[in-house]
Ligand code: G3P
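Only one chain is shown below, in structure tokens, and it's the form predicted on its own.
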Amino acid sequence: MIQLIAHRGRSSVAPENTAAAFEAALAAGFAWIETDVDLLEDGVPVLLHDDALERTTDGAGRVETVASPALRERDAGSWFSADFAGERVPLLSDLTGLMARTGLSANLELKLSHPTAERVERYLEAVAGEVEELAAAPRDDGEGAGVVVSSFDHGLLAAFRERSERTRLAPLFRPGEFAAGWRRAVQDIGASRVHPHHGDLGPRTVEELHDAGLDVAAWTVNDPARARQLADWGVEGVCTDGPAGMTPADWDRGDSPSE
């Protein structure tokens, strides 16, 4: 069975990259979520996709100019629906705490805004520290949460490898860039998996990637029929916003179409 990964949490029903979206993913049966990690002014990793606050909060300004206490006052839910008024922007530590408690696994996308040399160093140390701490956290059932770290910035992934040798890394590729770039990226990063756009995949490409010893997780798929096709080709995972028909609970019930 293909692994369904909730894109920014279950972002079709709750504001992206919030605790509400992560909880909605858990409720729909997702074992994995995907989220974006940036760095605040005071060196704290935060879960935000954009490099500014305007689109997904009631605040303003660039991420690198905002400190964590001020961010905690921002509303990250009302833009999506009045039902989520007062939802806060989570820090990476909030997510790793949830993961340690529930066994939820996460694909952390490195998305560092304003990447000066100083910010890159602080960022890599902070994120790697959170990941290593999570890996070492004991759980009553003996099962730990899984982590994959991905990025479109392949140089940043290679630098992360130096700080967290055991973490699985996956280069991301924009549409049309995959065929020409995946071999070099995998070699430079020491990656065990790749995350192409689903439109760049076909059965022969998937077979070639498997022959190279790589797992494949495609982004972002909201059509159940397309997800079934990718599954038939052997793709291990797809990132999805989690609309109706694209949750693990749907697939367990047989509600999504098969090819």
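In this text the structure is predicted, and so the values were computed from the model without any measurement. Numbers follow the displayed sequence, beginning with 1.
Absent from the display: the form predicted together with the named molecule. The rest refers to it.
Leu172 is the sole member of Leu172, Leu95, Val149, Ala76 with a non-hydrogen atom lying within 4.5 angstroms of the named molecule in the predicted bound form. Taking a 4.5 Å heavy atom cutoff to the named molecule in the predicted bound form, the contact residue among Arg228, His49, His210, Arg62 is His49. Residue heavy atoms within 4.5 Å of the named molecule in the predicted bound form occur in exactly one stretch of 125 to 133, 106 to 114, 176 to 184, 154 to 162, and that stretch is 106 to 114. Within this chain, Asp36 lines the site of the named molecule in the predicted bound form, having a heavy atom no more than 4.5 Å away.
Proximity of Trp219 to the named molecule in the predicted bound form: non-hydrogen atoms within 4.5 Å are present. Using a 4.5 Å cut-off on any heavy atom, the residues of 1 to 34 that reach the named molecule in the predicted bound form are, in sequence order, His7, Arg8, Glu34.
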